[in-house]
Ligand code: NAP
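Listed next as structure tokens is one chain, alone, in the form predicted alone.
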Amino acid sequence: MTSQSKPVKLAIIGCGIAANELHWPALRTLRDKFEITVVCNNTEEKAVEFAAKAGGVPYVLHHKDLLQRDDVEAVDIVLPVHLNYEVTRDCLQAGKHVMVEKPIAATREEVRAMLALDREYPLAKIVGENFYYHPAFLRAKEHLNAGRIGKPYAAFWDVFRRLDRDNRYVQTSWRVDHKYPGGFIMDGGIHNIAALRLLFGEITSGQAFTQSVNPEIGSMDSFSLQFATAAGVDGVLNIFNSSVGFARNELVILGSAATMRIASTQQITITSKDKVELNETITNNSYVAEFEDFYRAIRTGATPFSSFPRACRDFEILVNAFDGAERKAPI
């Protein structure tokens, strides 16, 4: 087996919801590319459970306890956002390739520090922003490039849902207590920003407003951003997390010849003046795809698509929008 085909020896740092429900199912299908050799969690019960699930591998309770291990080439950091910078820095300094969950960091200062780490360490570094790999948006991009709706000129993305104390994500205090700007708006909205940038290029300007309808889920739960893009597509992104009696997750793209709708990131419909031109259901394999990109980066030196600079820009756009909303000024 050549070095470019052998599995990467991977440590999992953080054994919470995302590690168990999003990363583990993907890694389980990629046993030819990744071998989990050790797991880490500060709560021993979770560490023990994940270690057993991964095949009875060893576990540690602090990330520094695995940094000198020879059986760790790379790490998958799945921690509360405000821990991302510190743990990423320690892992890169120890010579480990890094995947870190989105958002990349918790503050502007940490984002700048992440960019400095990216420049300093010639290792594989990727942010787990799965919307950059989501087949619904990659397919939509193909349709746009092929001219299936003519020239796109406007986009409207509505995300209406209700989060309350019964939601398990709300039961994670670091989200509710806003250990990073925007709380749930940042946590979910950074996906939307990534997809919009994938489809239309840079977001160049905008105006936003925010509200707090339900303080139990943080100081910000409602967000609207009117934006312009480098591709000449103007749009509105609405994220309302306290919607009562109404739910929707739909991106509508208006073109000169037809309209494309992406419903719940799994159904793409293109409708012209006279008929439905296309209706396709998408199967999501985006978590597998992002790990495959990480593997390529480690074994070939290729730059992953969801790079540190790209993820830092996603963060910057949202934080600028929050600041603009507070000042009631354009961004």
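Computed from a prediction, not measured in an experiment: that's the story for all the values here. Residues carry their position along the shown sequence, with the first being 1.
FYI, the form predicted together with the named molecule isn't displayed, but the following is about it.
Undergrad: Sort through Asp158, Asp187, Glu110, Asp234 and report the residue having a heavy atom within 4.5 Å of the named molecule in the model of the complex.
TA: For this set of options, the contacting one is Asp187.
Undergrad: Just one of Thr43, Ser264, Thr29, Asn285 has a heavy atom within 4.5 angstroms of the named molecule in the model of the complex, so which one?
TA: So the residue touching the named molecule in the model of the complex, by this definition, is Thr43.
Undergrad: Taking the named molecule as it sits in the model of the complex, is Glu73 near enough to touch it, meaning that at least one heavy atom pair lies within 4.5 angstroms?
TA: No, Glu73 sits far enough from the named molecule in the model of the complex that none of its heavy atoms falls within 4.5 Å.
Undergrad: Counting only non-hydrogen atoms and a 4.5 angstroms cut-off, does Val176 reach the named molecule in the model of the complex?
TA: The answer is no: Val176 has no heavy atom within 4.5 Å of the named molecule.
Undergrad: How about Asn241: is it within 4.5 Å of the named molecule in the model of the complex, going by heavy atoms?
TA: Output for Asn241 is no: heavy atoms all beyond 4.5 Å of the named molecule.
Undergrad: Does Lys96 reach the named molecule in the model of the complex, with heavy atoms at most 4.5 Å apart?
TA: No.
Undergrad: Counting only non-hydrogen atoms, which stretch in 118 to 126, 149 to 157, 99 to 107, 207 to 215 is within 4.5 Å of the named molecule in the model of the complex?
TA: Looking at the partner contacts, the answer comes out as 99 to 107.
Undergrad: For a quick test of understanding: in the model of the complex, does each of Arg139, Phe200 and Ala258 have a heavy atom within 4.5 Å of the named molecule?
TA: Heavy-atom distance to the named molecule in the model of the complex: none of the three under 4.5 Å.
Undergrad: Which residues, if any, of 12 to 26 lie within 4.5 Å of the named molecule in the model of the complex when only heavy atoms count?
TA: Going through 12 to 26 in order - heavy atoms within 4.5 Å of the named molecule in the model of the complex - the hits are Gly14, Cys15, Gly16, Ile17, Ala18, Ala19, Leu22.
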